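One chain comes next, on its own, written as structure tokens: the form predicted on its own.
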Amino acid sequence: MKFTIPVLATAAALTALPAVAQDLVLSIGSRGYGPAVERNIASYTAANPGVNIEWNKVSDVPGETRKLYVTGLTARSPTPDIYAVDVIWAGEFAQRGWLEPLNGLLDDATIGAFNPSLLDASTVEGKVHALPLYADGIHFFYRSDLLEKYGLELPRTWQEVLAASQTITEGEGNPQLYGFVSMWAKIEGLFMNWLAFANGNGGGFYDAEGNVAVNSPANIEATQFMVDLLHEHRMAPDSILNARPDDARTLFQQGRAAFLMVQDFVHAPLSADNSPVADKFDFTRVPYFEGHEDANSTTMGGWFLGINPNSANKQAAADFLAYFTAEEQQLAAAVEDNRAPTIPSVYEDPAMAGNDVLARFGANYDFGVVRPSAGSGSKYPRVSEIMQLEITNALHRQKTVEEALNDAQQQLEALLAE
């Protein structure tokens, strides 16, 4: 069965593919999901000869793709029928009516198979608007050789991380060695960090009733720990306040930190043959605070697939979406392309035994939390901006932790009430 792979680069091109019965357009970048896209198209069309699928290879730069989508969706273009969205776009797109609710198009068992934390990111008013395609997230990397040298158990709590850091740095006597590095520049990664600390203390962005509660006692305590980690315990370098993910990874890779907390992409360069720490590190789930061992402290990201509500072939699109994201296809993408599955049961498949790293990432995702983008919708960028600024104010000690989080709470309540 023939299928075409046009390359579309403009908003005009997005509207230039009129859909006919059983003809579908899938819009996703060529790097994000790699060879799995073409493989899944080929296998689906072979099994469904009445369906023709065209792959619209959009940019892998999220901002460029977003602009393309917004232009076409605002114009109510019927194509693409299925398209990929970043985890933090899903809530906004759903609220704006740019994603077709999947409940009714897909059965509950199909939807319920996915990681529930990830599903939260596309759930608006009780309806799921996109399925998670692949995941990424923050993990906790550590110098296994230094833990062994000092006879230390793997720290599970932040209190244990602090104690281990102090033992290692005092024992090494190297002023260039720090206990902990991460991405604490005023970027999205800082908000992800804060969510990991806050949720790890039994807190989080929302309270149990779904109300914004960033200034809760649990959050204040967790944020104070972040401040003290830097200023009182000197566990991290001052440069952490300007550090982005790769900055932190570089310090750890140079042997200048015992612990590192960033996204999973760093595993490849850390384990490369020319890496100074290639055989000296490992990773585990993000730590939690004492008494909160079940906390969802692994802040997650990833990409989803959803359906254009203007599509002329919604049910056909839903059938292909279900196939594309199903367990069998996710397993193949994991084994062949190293993409982290979003269906937890995939990690239990015997075929995953050959990729221990990905399987362990998956175990960490069992303790996953997503950013509050579903509830805040189009206001999420401003939500993140407020949190980044006030967390930064606390970390720089320009405000007390309580002042910073109270100010954030006030701004967020006003924003979300608009």
Partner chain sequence: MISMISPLDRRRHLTGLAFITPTMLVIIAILVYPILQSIVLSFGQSSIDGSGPYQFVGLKHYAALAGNDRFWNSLWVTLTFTAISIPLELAMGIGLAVLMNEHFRFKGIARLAVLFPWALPTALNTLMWRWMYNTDYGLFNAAALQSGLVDRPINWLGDETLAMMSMVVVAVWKTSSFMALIILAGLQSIPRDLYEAGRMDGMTRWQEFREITLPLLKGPILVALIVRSMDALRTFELPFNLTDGGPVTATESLSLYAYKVIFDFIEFNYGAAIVVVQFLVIFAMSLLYILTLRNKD
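Numbering follows the first chain given and starts at 1. Everything numeric here is computed off the predicted structure, so don't read it as measured data.
Below, we refer to the form predicted in complex with the partner chain, which is not included among the displayed structures.
- Within 4.5 Å of the partner chain in the predicted complex, a heavy atom is found for all three of Arg76, Arg382 and Thr392.
- Proximity to the partner chain in the predicted complex, defined as a heavy atom within 4.5 Å, singles out one entry of Asp264, Glu188, Asp282, Glu92, which is Glu92.
- Checked against the partner chain in the predicted complex, the residues Ser144, Ser275, Gln159, Ser239 give one hit for a heavy atom within 4.5 Å, which is Ser239.
- Looking at 25-33, 366-374, 382-390, 50-58, the stretch with residues near the partner chain in the predicted complex, meaning non-hydrogen atoms within 4.5 angstroms, turns out to be 382-390.
- Among heavy atoms of Tyr178, some come within 4.5 Å of the partner chain in the predicted complex.
- Contact check for Arg256: a non-hydrogen atom falls within 4.5 Å of the partner chain in the predicted complex.
- Of the heavy atoms in Arg360, none are within 4.5 Å of the partner chain in the predicted complex.
- Though the partner is left out of this view, Trp194 does not reach within 4.5 Å of the partner chain in the predicted complex, counting heavy atoms only.
- Contacts between 82-104 and the partner chain, taken as any heavy atom within 4.5 Å in the predicted complex, involve Glu92, Arg96, Trp98.
- The pair Gly210 and Gln95 separates in the predicted complex: their C-alpha atoms are at least 3 Å more distant from each other than in the form depicted.
- The pair Trp98 and Gly210 separates in the predicted complex: their C-alpha atoms are at least 3 Å more distant from each other than in the form depicted.
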